[in-house]
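Provided below as structure tokens are two forms of one protein chain, presented individually as structure 1 and structure 2.
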Structure 1
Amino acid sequence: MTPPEKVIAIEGLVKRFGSFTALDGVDLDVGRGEVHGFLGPNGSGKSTTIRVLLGLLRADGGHVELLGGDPWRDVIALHRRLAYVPGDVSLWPGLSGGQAIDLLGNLRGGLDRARRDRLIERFELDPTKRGRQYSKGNRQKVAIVAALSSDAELLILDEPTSGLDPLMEAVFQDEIAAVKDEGRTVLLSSHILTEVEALADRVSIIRQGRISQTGTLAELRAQTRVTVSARLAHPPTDIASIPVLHDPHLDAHGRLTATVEPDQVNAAMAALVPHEMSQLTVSPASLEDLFLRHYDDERAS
């Protein structure tokens, strides 16, 4: 099978601010039609990478290609083919939300009017209010509607649902799934890990200016222990004596929780069978578990 065309191709990206190296050899690629989650704690280099992609910062080293062009040299042409939603949207105070959506759409060569009207309704946005009258959540809605109403090939979304309530987050997820079905590409940075988990085909975790891990959720989970929970009718005297269990905890009611290496689940079950287990659950690592593992490693280093 031919690999998908790369909409974003970054190799060895370096960006310095004086003596501080914000990006230290970032490698990141996003294929056409992919929703790619981009995760990292504050200060990890996430926003700096996005600013380089948007042509707002010039790289100090490495190779960066966006939609087949150079984001610094070809910034005007490329911005007609992409849409960007930041985590804190500023609007023109005197323009209405509808006027702001239309203006942003015209900068990208126009928008789909029917789609615009449908999205305004779905996001429960009043387009007649002025920018100065909007709450943070409604300012985010204006930017989201403007981005999704366009025919942009690439959506770069940096904490796009910041300030939205859970209902609107669910609407956002539906609309991004529809964008993916249209074959468009999304780079999604979000602190709402369940959002990324629901939408992303692949995930990249950036840590201290470097990509520490990239892959599908299945690939990342295969490298992380699963959680086992069970009630034991006849618990062992020393739960730590079962070597395949990591960090085991057994309460006074015989309720066991522990973690197990992915390739040791069968061995763990075999070890627990003699203790008459019931109410068994085996849970793979969530994206939050994966992210927090990297974050905890960073704090410990």
Structure 2
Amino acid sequence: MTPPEKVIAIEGLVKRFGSFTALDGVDLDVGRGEVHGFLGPNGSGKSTTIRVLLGLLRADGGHVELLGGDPWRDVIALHRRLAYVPGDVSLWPGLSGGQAIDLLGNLRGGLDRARRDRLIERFELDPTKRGRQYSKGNRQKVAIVAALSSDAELLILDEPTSGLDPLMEAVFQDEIAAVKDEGRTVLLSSHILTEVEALADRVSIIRQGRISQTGTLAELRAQTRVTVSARLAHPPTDIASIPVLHDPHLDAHGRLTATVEPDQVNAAMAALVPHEMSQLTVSPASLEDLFLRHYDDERAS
């Protein structure tokens, strides 16, 4: 089997702003037809990576390939095939939302009228308001409708739903699922974990300008410590003496909580058996745990 075609292939991307290194060797691969979650704490370099992909910023080092072309050189040809939702949507004060949608569509090389009208309806958008009369959420909806009205093969979305209410969030997830069914590719930068969990085939986590983890959610979970909780009839005097347990905590009633490397669960059980466990639970890392761990490492470092 040949590996699936890469829509985005980034290797060792470096971007500096003056003396500050915003991207310090980013590697990112997105295959065709994939919804790729792009996660990371604020200021970790998500938007910068996306701007390099759009040819807005010039890379200082590394290799970047987008839809088989060079994003800095082949701007026009590549941009006909992609649609973008920026992180900070700012609309033209004199243009209505409907005009802005049509403008961006026309500049891309046309948009699907029927789809546009359907999306405006679904997102409950009033297209006659002027730029500055929209709330943040509604400005984002204008950008989302403009991007989804196209039949671009690649959607690049930079935190597209950070201002949407839960109802609109559901509509958005629904629409992205439809895009995915059509075999189109999506790069989705997001902080909304349920959204990523629902939509993403694979995720990459960036921190301090480097990708720290990449893979399917199942793979990431497999690399993350499991939480163990049990009641011990004969708790040890020094809980820290059991080396397979990380961050162990023992309360006055003999209840132990700790985390364990995924491949050390068996060893942990063996170590705990002499202390007579009851009420045992072993739970895989939740998505929150997973991200908090990655985000926290940054603070620790």
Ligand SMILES: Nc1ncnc2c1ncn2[C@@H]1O[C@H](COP(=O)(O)OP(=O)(O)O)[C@@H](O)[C@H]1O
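Here, rigid core means the biggest group of C-alpha atoms that superpose within 1.5 Å across both forms. Being a predicted model, the structure only gives us computed values, none of them experimental. Residue numbering: sequential along structure 1, first residue numbered 1.
Trainee: Which of the two structures shown, 1 or 2, corresponds to the form predicted together with the ligand?
Mentor: Only structure 2 matches the form predicted together with the ligand.
Trainee: Take the rigid core as the frame of reference and indicate whether the C-alpha of residue 231 shifts by 2 Å or more between structure 1 and structure 2.
Mentor: Superposed on the core, residue 231 moves its C-alpha 2 Å or more between structure 1 and structure 2.
Trainee: Rigid core superposed: how many angstrom does the CA of residue 245 shift between structure 1 and structure 2?
Mentor: Taking the core as reference, the C-alpha of residue 245 is shifted 6.8 Å.
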